[in-house]
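We begin with a single chain expressed as structure tokens, specifically the form predicted on its own.
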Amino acid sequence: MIRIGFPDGTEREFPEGIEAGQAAATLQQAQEAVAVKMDGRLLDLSAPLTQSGKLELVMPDCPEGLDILRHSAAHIMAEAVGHIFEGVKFAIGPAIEDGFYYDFDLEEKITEEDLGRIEKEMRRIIAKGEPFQRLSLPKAEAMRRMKDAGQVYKLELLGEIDQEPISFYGQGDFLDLCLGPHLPDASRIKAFKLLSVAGSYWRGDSRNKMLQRVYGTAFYSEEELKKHLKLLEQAKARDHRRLGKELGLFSVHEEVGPGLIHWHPKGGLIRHLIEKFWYEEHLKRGYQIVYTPHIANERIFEISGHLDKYADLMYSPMDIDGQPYRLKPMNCPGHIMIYQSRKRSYRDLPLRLCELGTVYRYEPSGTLHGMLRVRGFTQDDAHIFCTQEQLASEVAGVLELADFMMKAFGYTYRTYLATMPEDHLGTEEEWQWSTEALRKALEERRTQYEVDEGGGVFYAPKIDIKLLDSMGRLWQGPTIQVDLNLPTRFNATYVGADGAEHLTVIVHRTVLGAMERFIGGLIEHYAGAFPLWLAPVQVKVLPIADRHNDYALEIKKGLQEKGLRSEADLRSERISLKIREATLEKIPYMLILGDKEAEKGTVALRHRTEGDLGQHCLDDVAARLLAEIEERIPA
């Protein structure tokens, strides 16, 4: 017999080997459950229980329940593709955020038009309601089966698995190498949609074969699916790649290389305005601006550990005077060099160094995505060198800065405290005091936060801030990390009040992150309609007829003298067309000029979303706009 504990605190004895679903049958909502957790481990409802422990239900409305649905849908899709196309070699098919995908190797190209055929076959398979069944095989048997089936990708994966037996899942005539868990049967898949087809290198490596990746999504109800598809349509309309091209903000050129952003004048101006804001706020808070080289001798990255830990992200060395140099993937070694340029006293601390530093990291071509995933980017980096006693107050200062800047861009956010992972550097004592300093800073700021147990990086606990955009999507935002590794590696010390040397505490922090990613996210957050203070063109002057052009140029000059970015549309076109095009360009304000305005020396003010705002004198319009800019009203 084994003893099973339940969430309500009760315990019961069951015969060893009882199925998880049978053991849970007496629990409320057991019939709706899609899987169970046994001592935190996810299991199928059909899994035999062989040890005592605590059992919980996994319901459809929890994140694990949704992942199990989508993983199961990926298997059904793979089975359907195998029915429709001959000679399919199956790669991998996981659940991902908001959906699932499966990678296929086949001679025939899967087109967008084929998605309907695949969906139809999936519905036929689902209607049969066949169970997902787990099969355990000795490794030799598993290898034989996959070899006989010609499944070369599964063979490669099998070759990397050490433990036995090997876990497979089958439904119908489809058998897949998989750890599970899955739904009890296919009939639980009620609402799904295949979304797109894309190319994807096997294992994300451009040296490998290009596979065909089919993306889809699935929900437990049609209502949830429709809601999600509507959000996808909105996201498509806000896609920064489309808007970036339409609004003339940036471009990427194959002649130069993928993942390398070219900032056009309007996009460059937006970036300049954000950088200017960034510098101003950092200088107010006692940061000092530094610049470090784009390349460095490989030795510095050996000392820092980046060459050991991040070699796959770093570009190949270049030979300079017989020495290997690298494009820098991080700014921190350079900042530490500046810190160590002279002996530091406790009186020098805290020392806050900041840099908008451009770094270079290799990203597989299949992962590149407009401005959001690039190979060269400018990081809004800063490193704070302080004592243990100063750590909490310094982190609180970063939290204040992050809060101020995120509100200026119209973001709300969620905050997470990520603690010590199993694989970590440093002692537990070091992790304890550094984590408590982060916790103290959060609580002093009265910041609501969730604890991400074990979510810290190997060298540091951290605070992660996730931004919520106007569509409710989460984006990576500010991060604050206490480094327990680099001070030791570089012997970064200060002389304390006791005359002895002590290791300096280093805080890594970003507020905006990569400028490319941040501005790409902003384009989608604002749907390209930047607030007045960030708009490349703040005012468009629109004369109704050619006879009003001289007055339009006079008004434009007056706006520019007052510090407002303006353009005049002097084309001989209908005023309705000029208004429509200025609105499509997402220009915040328009000034309409006709006979009445020219005679009275006024302008007709129009807003891109609010429409006609009436007649005003230029000074009043300028005062109104300058006040809006000063307040940095986010939308």
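What we label the rigid core is the largest C-alpha set whose atoms superpose within 1.5 Å from one form to the other. Quick caveat, the model's predicted, so the values are computed rather than measured. Counting begins at 1, following the sequence as shown.
Not pictured, yet referred to below: the form predicted together with the RNA.
A.B. asks: Heavy atoms within 4.5 Å of the RNA in the predicted bound form: which of the stretches 317 to 325, 488 to 496, 388 to 396, 359 to 367 has them?
C.D. replies: Among the listed stretches, the partner-contacting one is 359 to 367.
A.B. asks: Would you check whether the RNA, in the predicted bound form, lies within 4.5 angstroms of a non-hydrogen atom from each of R241, I575 and K596?
C.D. replies: Answer is yes for this spot.
A.B. asks: Is R580 near the RNA? Define near as a heavy atom within 4.5 Å, in the predicted bound form.
C.D. replies: Yes - in the predicted bound form, heavy atoms of R580 and the RNA come within 4.5 Å of each other.
A.B. asks: Within 4.5 Å, heavy atoms only: does A198 come near the RNA in the predicted bound form?
C.D. replies: The answer is yes: A198 has a heavy atom within 4.5 Å of the RNA.
A.B. asks: So in the predicted bound form, is the RNA close enough to P258 to count as touching (4.5 Å, heavy atoms)?
C.D. replies: Although the RNA is absent here, P258 would touch it in the predicted bound form, with heavy atoms inside 4.5 Å.
A.B. asks: Should P531 be counted as a contact of the RNA in the predicted bound form, where contact means heavy atoms within 4.5 Å?
C.D. replies: Judged by the heavy-atom cut-off of 4.5 Å, P531 is well away from the RNA in the predicted bound form.
A.B. asks: Which one of Q379, Q171, S304, T217 is close to the RNA in the predicted bound form, taking close to mean a heavy atom within 4.5 Å?
C.D. replies: Going through each option in turn, the one that passes is Q379.
A.B. asks: Just one of L157, I544, I84, L273 has a heavy atom within 4.5 Å of the RNA in the predicted bound form. Which one?
C.D. replies: Among L157, I544, I84, L273, a heavy atom within 4.5 Å of the RNA in the predicted bound form occurs only for I544.
A.B. asks: Give, in sequence order, every residue of 264 to 281 that has a heavy atom within 4.5 Å of the RNA in the predicted bound form, or say none if there are no such residues.
C.D. replies: Contacts from 264 to 281: none.
A.B. asks: When the rigid core is used for the superposition, does H548 move between the shown form and the other one (threshold: C-alpha shift of 2 Å or more)?
C.D. replies: No, because once the rigid core is superposed, the C-alpha of H548 moves less than 2 Å between the shown form and the other one.
A.B. asks: After superposition on the rigid core, does the Cα atom of S200 shift by at least 2 Å between the shown form and the other one?
C.D. replies: Yes, the C-alpha moves 2 Å or more.
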